[in-house]
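Presented below, as structure tokens, is a lone chain in the form predicted on its own.
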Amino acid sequence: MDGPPPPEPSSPRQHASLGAYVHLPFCATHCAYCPFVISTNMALEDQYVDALLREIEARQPVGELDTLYFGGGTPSRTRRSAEVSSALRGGNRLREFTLEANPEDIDDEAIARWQAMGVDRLSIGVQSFNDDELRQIGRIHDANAARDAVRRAVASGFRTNLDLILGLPRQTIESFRASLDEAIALGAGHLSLYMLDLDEKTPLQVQVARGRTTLPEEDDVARLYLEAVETLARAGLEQYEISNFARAGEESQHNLRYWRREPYLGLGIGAHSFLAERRFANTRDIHRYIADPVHAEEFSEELSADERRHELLFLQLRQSRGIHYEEIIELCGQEAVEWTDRGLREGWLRRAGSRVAFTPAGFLLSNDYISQLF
């Protein structure tokens, strides 16, 4: 055989507590803005799930999980999700089990099926409550379907998150405000608000580059983001991360793992893992993954001390609670003193007890500000 042997699958068994992310990639259509690893070839579903079960068996995470997240893709479309859940959970009592769903898949029968699986948190890809905006990005649900889905999820007792996107084609100040007001009125305990980020070569990026559609002005998007932070806070949904808002106790426990640098295992195509200061990821090629899911890893890095320092700063500062002042000084020395003083003086940092944190305005340029420390 040419070249080195494929790496052995990493086992998480040395960790006392672990989160698992499972990538279920199948979608009815490929949305115009989407950069994620997806497949619209539903004929591959059984082969993919069989491969996923082989990867789960090889990594043997049973007995350690306390958060589980089914993402995608559109996990709500995967027929054998209960089989995947059973293979992972064993006798564990999970602290949180999240499933991503699109509005068109949510009905009473689906809700009962997911609850029987142990799902207790539903994350719904609403994106907008405006039909014209939904058509522009290739969503197959309309606003009425989104409203009905969120109402059903909330009424069923699921901890419910809904996603909204700020900066969509044809989105106006008025239409975004209307979508935000609807999201609040529907009673979800969590809202993820993402500013549209056009990844290269997505259909929407190509359309914008060729002048076939236009996006809102950046200044309007920034103003609406700051307005949304205040509007959500008045409604009881406090910002706890750049893009995430929740009522008390409704924060995403699985996503907090990522931001707190706690260990997690990624399963399926394109899934990323973080174990023992090593980050690694599976192939994005579904055919390669199906052929050999046990040796599907195609990226790996051991973090250096400097990379860990950068990551600690970045991940803590993207949370509203920020970072302890003494810790940032320890990590960055005298430069951090000057950086903090400047941020407090100019208004993009705030003091929160013994911690420093970005203001909402600071979050808008947080990457630029953090880069000043390196």
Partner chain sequence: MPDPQFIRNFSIIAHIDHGKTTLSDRLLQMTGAVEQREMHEQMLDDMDLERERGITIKARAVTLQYRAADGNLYTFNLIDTPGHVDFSYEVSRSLAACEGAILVVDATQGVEAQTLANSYLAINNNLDILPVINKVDLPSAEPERVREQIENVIGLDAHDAVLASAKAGIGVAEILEKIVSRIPPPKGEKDAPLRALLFDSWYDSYRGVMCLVKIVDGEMRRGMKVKFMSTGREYEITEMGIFTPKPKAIDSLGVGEVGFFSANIKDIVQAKIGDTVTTVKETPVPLPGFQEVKPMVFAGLFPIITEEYENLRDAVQKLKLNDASFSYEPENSAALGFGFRCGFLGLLHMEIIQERLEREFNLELLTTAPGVRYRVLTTDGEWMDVDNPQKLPDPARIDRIEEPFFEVTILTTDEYVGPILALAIDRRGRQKKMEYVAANRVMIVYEMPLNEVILDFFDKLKSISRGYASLDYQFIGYRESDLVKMDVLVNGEPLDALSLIVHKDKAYARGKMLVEKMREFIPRQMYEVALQAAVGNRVIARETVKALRKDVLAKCYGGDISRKRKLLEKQKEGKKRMKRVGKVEIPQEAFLAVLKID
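Not measured: the values here are computed from a predicted model. Positions refer to the first chain, counted from 1.
What comes next is about the form predicted in complex with the partner chain, which does not appear here.
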Any non-hydrogen atom of residue 154 within 4.5 angstroms of the partner chain in the predicted bound form: no
4.5 Å heavy atom contact, residue 212 to the partner chain in the predicted bound form: no
Touches the partner chain in the predicted bound form: residue 357 (any heavy atom, 4.5 Å): no
4.5 Å heavy atom contact, residue 272 and the partner chain in the predicted bound form: yes
The partner chain in the predicted bound form: contacting segment from 24-32, 344-352, 326-334, 45-53, heavy atom within 4.5 Å: 344-352
Contact check for 57, 89 and 109 against the partner chain in the predicted bound form, heavy atom at 4.5 Å: no
Position in contact with the partner chain when the complex is considered in the predicted bound form, options 173, 294, 140, 226, heavy atoms within 4.5 Å: 226
Residues of stretch 292-313 in contact with the partner chain in the predicted bound form (4.5 Å, non-hydrogen atom): 299, 301, 303, 307, 310, 311
